[in-house]
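Only one chain is shown below, in structure tokens, and it's the form predicted alone.
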């Protein structure tokens, strides 16, 4: 499946690549795959990253990726 990597993660962790092709059963598995490509990514993912599966932000990382065509990795938005 296609992973779209948004700034700043593309440059910070993946050498400027904004598209990756990976397979995983759920978002936990996706984070493991991303960490295998860039050790240390999983250390910050829980605090700094969020994921959208086929355009819908999904907070539950145990959500299945079966049938998904795209996952977008984007920075978590804070505020108050």
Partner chain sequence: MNAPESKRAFRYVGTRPVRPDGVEKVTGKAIYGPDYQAANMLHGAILRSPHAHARVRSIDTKKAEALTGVKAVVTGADFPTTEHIIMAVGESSSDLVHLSRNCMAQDKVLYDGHAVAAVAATSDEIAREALDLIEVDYEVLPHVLGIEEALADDAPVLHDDVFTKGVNPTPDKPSNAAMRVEMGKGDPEKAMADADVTVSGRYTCEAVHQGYIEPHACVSAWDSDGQVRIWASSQGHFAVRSLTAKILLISEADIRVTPLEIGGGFGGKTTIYLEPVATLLSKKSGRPVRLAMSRAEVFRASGPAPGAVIDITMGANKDGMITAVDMEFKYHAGAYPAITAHSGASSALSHYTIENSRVIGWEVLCNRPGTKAYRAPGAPQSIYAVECALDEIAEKLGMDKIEIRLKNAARPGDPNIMGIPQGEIGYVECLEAARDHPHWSAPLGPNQGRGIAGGAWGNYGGPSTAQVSIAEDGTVLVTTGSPDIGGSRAAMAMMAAETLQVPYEKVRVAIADTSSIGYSMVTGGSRTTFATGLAVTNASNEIIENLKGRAANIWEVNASEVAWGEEGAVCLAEGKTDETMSLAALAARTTFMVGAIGAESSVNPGGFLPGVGVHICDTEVDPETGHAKVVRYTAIQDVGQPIHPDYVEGQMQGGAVQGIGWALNEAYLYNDKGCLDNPGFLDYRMPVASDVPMIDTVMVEKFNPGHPYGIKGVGEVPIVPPLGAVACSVSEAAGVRMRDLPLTPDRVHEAMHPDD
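Note that the structure is a prediction, hence the values are computed from the model and not measured. Residue numbers count along the first chain shown, from 1.
What comes next is about the form predicted in complex with its partner chain, which does not appear here.
At a distance of at most 4.5 angstroms from its partner chain in the predicted bound form, none of the three residues 20, 62 and 67 contributes a non-hydrogen atom. In the predicted bound form, its partner chain sits within 4.5 Å of a heavy atom of residue 6. Shown alone here, residue 1 lies farther than 4.5 Å from its partner chain in the predicted bound form, counting heavy atoms only.
Contact check for residue 72: a non-hydrogen atom falls within 4.5 Å of its partner chain in the predicted bound form.
Taking the partner from the other structure, its partner chain in the predicted bound form has a heavy atom within 4.5 Å of a heavy atom of residue 50. Looking at 2 to 35, the residues that come within 4.5 Å of its partner chain in the predicted bound form, counting any heavy atom, are 6, 7, 8, 11, 12, 15, 16.
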